[in-house]
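The chain below stands alone and is given as structure tokens, in the form predicted alone.
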């Protein structure tokens, strides 16, 4: 088990990580999300042992990890960390880059190289020199490289940022299945919430260096505690309840995703269409509701300026006030 307990850290006197703590087990996939500069990458570097902390502790299987001040070479042997600026040998082949991290004494070395090439969908490029690869291909090789030693803990910082969307979905499925099969704890800092929603066991949400949420994807999505949390999963509407319920005089608001607002022909709240955005299997409609801008999903585009009626999924509104 990995146990991060009440850690704080600052590059200067100002702390960028503030009293963060969480636990994770072997085989877990933990996603860390937060806006740029919130402290996601710093947290990974602390866990790996690249940054020294004065406040808090990091333990692995009850052993305290001492950090760079106590190690000649920073970083833990049982962990692998892939930063955003991945390090590869440009003048050697893809296969050689991966094989470098597998012992020549390993009888299954060739088999393992082929297995890792398949996981990151780079089999056909095995003999290609890294310098001739695209940015996305290099990133896939870097992922295979850090998995080559089969670490107990794998730390990935924006691991799919350079990879095309059409290839990204398959890569994510194959990678996370592989890590589960090997019982490897994986912690990913990401801005892409598809990584988190579809695959993570737990999501950690960081804001200004503080851990503000730690829960399963479904619970965070269905019951976000703030607009900041909800905004990572979809467009989010923060609507004053008084604009939805005429008898409500409070100054509180409700958070609703676009799929929780519907166009109605019978009775509803008046709104004016501002724009329609094609999203593939639906349109995202922007409208003005009294003084509030709202977004909702609809099967077709709507004429700009047209007057419409909206209904809101507020059956649990008493539990969703902010």
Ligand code: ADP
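Residue numbers count along the first chain shown, from 1. Computed from a predicted structure; not experimentally measured.
Keep in mind that the form predicted in complex with ligand ADP is missing from the display, and what follows is about it.
In the predicted bound form, the one of 41, 276, 260, 253 near ligand ADP [non-hydrogen atom within 4.5 angstroms]: After the contact test, the surviving option is 41.
What stretch, of 260-268, 283-291, 28-36, 55-63, brings heavy atoms to within 4.5 Å of ligand ADP in the predicted bound form? Among the listed stretches, the partner-contacting one is 28-36.
With a cut-off of 4.5 Å between heavy atoms, is residue 16 one of the residues that contacts ligand ADP in the predicted bound form? Yes, contact at 4.5 Å.
Could you run down 98-115 and flag each residue that has a heavy atom within 4.5 Å of ligand ADP in the predicted bound form? If the 4.5 Å heavy-atom criterion is applied to ligand ADP in the predicted bound form, 98-115 yields nothing.
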